[in-house]
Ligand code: AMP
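Only one chain is given next, in structure tokens, and it is the form predicted alone.
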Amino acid sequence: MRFLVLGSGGREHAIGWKLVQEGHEVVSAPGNPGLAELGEVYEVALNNRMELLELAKRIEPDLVVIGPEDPLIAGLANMFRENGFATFGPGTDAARLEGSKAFSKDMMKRAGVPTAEYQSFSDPIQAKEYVAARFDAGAQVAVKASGAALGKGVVVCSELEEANQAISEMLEVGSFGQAGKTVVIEDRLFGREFSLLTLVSGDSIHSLPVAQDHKRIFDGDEGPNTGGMGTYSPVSAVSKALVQQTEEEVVRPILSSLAEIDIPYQGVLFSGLMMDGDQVKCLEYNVRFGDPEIQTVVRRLGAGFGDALLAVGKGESIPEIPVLDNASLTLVLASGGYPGDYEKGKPIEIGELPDGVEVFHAGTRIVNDQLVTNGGRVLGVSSVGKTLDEARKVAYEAAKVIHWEGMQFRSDIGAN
């Protein structure tokens, strides 16, 4: 089959890699140097709808796969479906689950999905009055930009001063632009976080192996949040029973509530979760594959990923995807200064990699035949092994033969 993969990051490279492993043809736009090694790449921006549509008409893909959240929120999947293309990715109404945390939390409440107590605000004075009341009641809070903010629009606050500063940054300074014009303030939950990636085609769902993410920039989960510094799978703390519980309490209820207001869902639903005692609580929904989670997950899937994506795109029942008896770990190599300011254009050197390693390109480009950095998260070093310890050892061995000026990564991915 022929797949048109839209996007330019590690997520799209991992999807494309898996599809090619299964013998499918992959065409991508705007792509990246890693995707260019898999198939034809067309430098068409994701906001250039007419050129994307013309590209699809020219190559006639069996399925269009839309990777990032922004084009989904903007309705790109709607455009392709309206023009007769089977498309993996929810329409703009369903994508509001990620595009508006206020909408998402209201839908959780409607659906009876267990989640933290919350309120939404666009007025900083009212927001600060609310957090003061929550701290007086003995709670701590998380302040979230309501719009999509590349995984970095959440500030977890243990002190009132932190919460007030976060509110000021978002609602007064405008640090997150339009995404921060409204904030959701919710009670902070304590417990183990995990994420569930579930393929959705109407009433048919199929959850992929769970991968544990590490969000903060520094070892020991210190420092500011990032888009993700590494993941591993399997996760021993997340049992099959817990996955089934999550599907019944978090996944199916939100899909049913969307259907009740005539909003279908075709794509992947990313449920961000926390264990509160023995209860699962939903922190957030995303409407695309988690990145770098998917870089780890594809290394654990047997053949059938492409068939499953196509079934979703056609609105058909999703076939099972076998899971390999292995472990996988992805280590993110990032630019110096990330998630704050960082420089681009640093030449990248990649030596001889150990067996079992794939390097997924997240923020790279080619300049004068030289691979250089072009983002905050630059490469994902993805390894497999019989055990997690083995996969971890191989990933860190691979990191030793990759270098650019200022390169940084965590040393404790998968260590706890």
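Throughout, we count residues from 1 along the sequence that is shown. Bear in mind that the values here come from a model prediction, so they are computed numbers and not experimental data.
In what follows, reference is made to the form predicted in complex with this ligand, a form of this protein that is not presented.
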query: Close approach of residue 154 to this ligand in the predicted complex, 4.5 Å, heavy atom; finding: yes
query: Contact label in the predicted complex: residue 284 to this ligand, heavy atom within 4.5 Å; finding: yes
query: Any non-hydrogen atom of residue 182 within 4.5 angstroms of this ligand in the predicted complex; finding: no
query: Distance check, residue 101 to this ligand in the predicted complex, heavy atom within 4.5 Å; finding: yes
query: Every residue of 186, 225 and 274 near this ligand in the predicted complex, heavy atom within 4.5 Å; finding: yes
query: Residue stretch of 250 to 258, 304 to 312, 317 to 325, 189 to 197 approaching this ligand in the predicted complex, non-hydrogen atom distance within 4.5 Å; finding: 189 to 197
query: One residue of 111, 238, 142, 86 in contact with this ligand, assessed in the predicted complex (non-hydrogen atom, 4.5 angstroms); finding: 142
query: Candidate from 215, 206, 346, 128 lying within 4.5 Å of this ligand in the predicted complex - any heavy atom; finding: 215
